[in-house]
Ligand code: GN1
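Below, in structure tokens: the form predicted alone, a single chain.
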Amino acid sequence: MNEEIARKLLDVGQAFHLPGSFFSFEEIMNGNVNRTYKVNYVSDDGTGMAATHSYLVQKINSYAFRNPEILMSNIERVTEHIRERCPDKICLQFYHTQQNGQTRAYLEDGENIWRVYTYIPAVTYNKCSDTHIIRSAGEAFGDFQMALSDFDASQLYETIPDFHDTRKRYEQLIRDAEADPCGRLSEVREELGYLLSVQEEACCLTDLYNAGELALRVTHNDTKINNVLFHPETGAPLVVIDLDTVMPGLIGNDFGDAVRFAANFTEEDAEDTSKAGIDLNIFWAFADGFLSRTAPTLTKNETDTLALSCFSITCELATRFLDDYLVGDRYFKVKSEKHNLIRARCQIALARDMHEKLRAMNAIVQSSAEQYGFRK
């Protein structure tokens, strides 16, 4: 299998005209959707010594992202805007190839879709209890939001239609539960019952947007802390990565998803759900960092719903995990037959704890927002 992957990565590198000789590769295991490989090339540095250059090669999940042209169009427009507005900051750099007489930032090989971008030496965190790092992640996502604050969201495609439309996520779950294509419904009645019991509260942000009471912005839509690269020595945030879901959205979804991932006491797929819950110290650190960058630009409705957005998006992701389990695990990568069900149960346990702590979470948001210049 490794030889087969190596041959494919070599072919992709040649298509993108990567300089030097293919030397080695390793799979980067972060991420639930795409497959990512760090690929190393060697070349003569001009002195007779071998120089190593590394690239990230990704196989894009074509079930999740069915139109690579609009996917890469969004990414290139956003990275170009950030590069022009923040020329002194590190920015993702994608490579191009010629295919069918066109210059593209992706390659279609008949079965898969590939892209290549420069590897940035850095460290990432799946879980971190260091509030300094968490606050820095909040600053990074806040800076990302501010770098795109003057970008017209209407210029971007919706790479995954209705990605954070919580109502439609619920509707899809209900349809698939009724169809029960894999005969798994009997296993998930308790989980389905809880999600349906909080449906109205979970759909609050979607309903407010549909009523014209929340602004549409350019958002990242996958703000897990492991999508921030940090300097390996200083710990300073370098760049926000994984831009596949950058598109028009609600700022609460970015805030809420980051909290959902970083502030859970346990991993998002922990089997022991008794350990799941929101760590308010981590929540405070992220909220303080994020609001230190964004507070003056937020509307009252946005600020008032930031805490609720954490509960909302946790329920939304639970519906997605549960739905994917019901239909046979077609979207998320799984490590076992019940992986998506385990994920759903963990998110439900986290949502329950968030619901109990919403008042405290909102007080933290309001305090930090006022500290950093929020105008009521």
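What you see is a predicted model, and the numbers here were worked out from it, not measured in a lab. Residue numbers run from 1 along the displayed sequence.
If you look for the form predicted together with the ligand, you will not find it shown, but the lines that follow are about it.
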task = Report whether the minimum heavy atom distance between residue 176 and the ligand in the predicted complex is within 4.5 Å.
result = no
ask   = Would residue 317 count as a contact of the ligand in the predicted complex, using a 4.5 angstroms cut-off between non-hydrogen atoms?
value = yes
message = Check residue 295 for me: does it contact the ligand in the predicted complex (non-hydrogen atoms, 4.5 angstroms)?
response = no
The ligand contact at residue 37 in the predicted complex, heavy atom, 4.5 Å = no
query = At 4.5 angstroms, heavy atoms only, are 163, 257 and 260 all close to the ligand in the predicted complex?
reply = yes
ask   = Using a 4.5 Å cut on heavy atoms, which of 33, 56, 334, 327 is close to the ligand in the predicted complex?
value = 33
key: Stretch in contact, per heavy atom within 4.5 angstroms of the ligand in the predicted complex, of 283 to 291, 104 to 112, 240 to 248, 82 to 90   = 240 to 248
